[in-house]
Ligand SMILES: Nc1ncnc2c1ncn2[C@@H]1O[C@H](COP(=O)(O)OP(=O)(O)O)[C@@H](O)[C@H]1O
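Presented below, as structure tokens, is a lone chain in the form predicted on its own.
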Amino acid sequence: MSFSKKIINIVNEEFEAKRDRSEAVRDERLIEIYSKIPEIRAIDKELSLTGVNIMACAIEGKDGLSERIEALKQRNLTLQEKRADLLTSKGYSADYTDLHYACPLCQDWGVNGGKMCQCYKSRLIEEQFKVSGISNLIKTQSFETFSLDMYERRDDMKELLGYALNYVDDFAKIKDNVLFVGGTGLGKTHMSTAIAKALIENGYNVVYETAQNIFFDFDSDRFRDRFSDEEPISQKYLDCDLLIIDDLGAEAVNSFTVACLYNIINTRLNKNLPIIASTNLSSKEIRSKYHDRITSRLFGEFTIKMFLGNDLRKIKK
């Protein structure tokens, strides 16, 4: 698991709040029950002393220790039964004053049996979807919804789909940089979203964003307070496990955006952090649009995957 500290902190605070709410409800119910059934307060006081009494017996160490401890345990069980009977006789459930957790397995701590509880992992994944940029896309775009039926060049797309599935399965070992190239409406966004969704579900920190929005964030950081303790908006593009850049080449290309793109590619290559970029541009258009320092990396360090055929959106219409 490699969720960002920000996401982990968000979920940890949420789980702490859930535990606090459970304890607050329990405390309110105890006050209510003590006022309505005073005998339960006396029972709870005696029950709370069970551990102390057992310890006292152990310290004394006299003959018949096991019998005295067993008698204390039986007394404890009797008191618990009496307490439950008192509650039910007044119309309450026997566990009315117990702590009730959202997840009984981990009791809202996020750990069950020394391992991450499924409820905690699910919340981490939900938060990662929110910050990844694909929270809306994943509703309709995944490997399960990627159909080959509409493609004329079905064999080519079948090979591409197999590559994407293997990319997810072998991500921890391979971490290839990939450039998806092809015209509009050929499934590049769908394929990218499917990869992002699967990797996030596997616990990876994936960020998916259009090139235009990425460069806008870098531009915004130029004017931020340099003395601020907050992390730059653009830092996530340099640190995430996988960065997916959608629609590369659609942005306004100038010296600033070119410098940003070079910084992203160079920084992530040095950190061995992969990039998947998709573009509608041909190789000739890419070379004419970007500096040699960028194109040499795109065509030298990235696996090129071509999306061929006709615009599926037009075909569907």
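Numbers for residues come from their place in the sequence shown, where the first is 1. Here the structure is a predicted model, which means the values were calculated and not measured.
Another form, the form predicted in complex with the ligand, is not on view; read the next lines as being about it.
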### Task
Go through 211-219, 79-87, 103-111, 185-193 and give me the stretch that gets within 4.5 Å of the ligand in the model of the complex, heavy atoms only.
185-193
### Query
Among the candidate residues Y151, F129, Y167, Y204, which is the single one with a non-hydrogen atom no more than 4.5 Å from the ligand in the model of the complex?
Y151
### Option touching the ligand, based on a heavy atom within 4.5 Å in the model of the complex, out of T145, Q74, S93, N136
T145
### Task
Considering only heavy atoms, tell me if Q141 and the ligand come within 4.5 Å of each other in the model of the complex.
yes
